[in-house]
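The structure tokens that follow cover one protein chain in two forms, given apart as structure 1 and structure 2.
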Structure 1
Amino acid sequence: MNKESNIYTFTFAIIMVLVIGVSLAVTSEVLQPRKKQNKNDKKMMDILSAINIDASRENAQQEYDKYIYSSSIIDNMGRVLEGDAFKIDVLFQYRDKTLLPEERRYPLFKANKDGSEYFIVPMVGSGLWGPIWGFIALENDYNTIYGAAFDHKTETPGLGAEINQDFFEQPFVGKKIIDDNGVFVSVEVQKGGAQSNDPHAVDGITGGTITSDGVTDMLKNTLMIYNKYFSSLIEDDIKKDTLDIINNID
């Protein structure tokens, strides 16, 4: 048989493409559940890291089920919507520039650790080179930060990339996002160091100013939305309390 004939070359190419295509498709299909599981495990680990739970890939699902008891989705006005909050990919939404503000969905995870209730808020923003993201856990006064975890993909090593280190994340604990007058102020990452008694500021990273500013913006933009939702919860609480009092008087 002539090896250089057109027919042979074509047949060879077609058989080859078929073999490769089928074998790759099969592997991909077989490994699909595992890949999905890996992705979910990673997300659960990230969420749990906000309430200082160090889960591993092996026990991520277990720990997640243990601590996270419910979740909800809210829109940009702070209204609650139907759906599975875990499935929402905030990073994907952030990149999609065609998405209108009212189409964005904000997931919220409710955790119960050692008898206290925490609200875990995922967030995305822009660093110097690319997206940065994080999870903030608030205490059930909807105000005090209980834990913070940030990460990034492409920030400058040694400078902006340090936002995922403990020395940057730890100072967020105990900071408040609402001031004494009940106005939302968020927490600011300050260049040149923050006053240690300032409840609304933490130290920035020297040389990582743009990344630090990115964190500030991300906190402000995201927490603002969630704050609307929290305010409505507080209002509901007050209404319920007043109702209780009125009922008691009767």
Structure 2
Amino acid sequence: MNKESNIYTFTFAIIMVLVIGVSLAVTSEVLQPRKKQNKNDKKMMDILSAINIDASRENAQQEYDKYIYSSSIIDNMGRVLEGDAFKIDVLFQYRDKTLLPEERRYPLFKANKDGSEYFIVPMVGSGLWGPIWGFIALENDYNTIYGAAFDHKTETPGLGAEINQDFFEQPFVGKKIIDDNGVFVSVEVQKGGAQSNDPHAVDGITGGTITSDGVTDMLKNTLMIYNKYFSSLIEDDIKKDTLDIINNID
């Protein structure tokens, strides 16, 4: 074949495209298990970060098994469903605009650290340029925040992107999602500074108003769902305590 001809050039180009395409497809398939494991490791690290456990990819599974002892799935009414909570991708659900509210599934992870029980709640919301997400750990009063971890992909550096920094996450510790009257109020990220003694507010990020508002909405919209589940647990505890008292009287 004449190497100077157009036929040779086109044939060579087609063969190279096929070879490269097949090579990339095979490589992708071979690496699929590793990609899945890396994704799982990152998710375990994120979950553990809410209870201040700094895991790495090398020990993520070991630390996860050490601290996370149970998980559940609830629906938008707070009712428990069957299934594997770890497999639920809240970010995928958030991006699926065809998914109805009653079709969404909410994973919940239960941790035991130093003899204390914590409930870890995954969440996702909207920032200025795209999704933001995070994990909140509540103490066993279903009210007090023990730890918070947030992240993003496309927020503005130096502004909204700062939600994953300690100076923003740390103030959430000790805040309450229920007021003194037992009403769910969540925690608000306030522009201009929150009062230090306000149990339901933290400071926003200067210049990152939209991202701060996104965190506020994310917290409220997500924790409102989980609070329905926690309320049912409290009711069950009250009923159990009442029965115990009656049985002791008898």
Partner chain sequence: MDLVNIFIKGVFIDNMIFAYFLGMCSYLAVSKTVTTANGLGLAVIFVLGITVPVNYILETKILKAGALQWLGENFIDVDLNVLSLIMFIAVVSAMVQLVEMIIEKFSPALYSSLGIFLPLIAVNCAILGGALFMQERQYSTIIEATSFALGSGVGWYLAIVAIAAIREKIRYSNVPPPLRGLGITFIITGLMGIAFMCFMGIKI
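A quick note: this is a predicted structure, and the numbers were derived from the prediction, not measured. Rigid core (definition): largest C-alpha set, two forms, superposition within 1.5 Å. Reference numbering: structure 1, starting with residue 1.
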Same chain, two copies; the copy that is the form predicted together with its partner chain is structure 1
For Ser232, decide whether the Cα shift between structures 1 and 2 is 2 Å or greater, given a superposition on the rigid core.
-> no
Once both forms sit on the same core, give the Cα displacement of Thr11 between structures 1 and 2 in angstrom.
-> 7.0
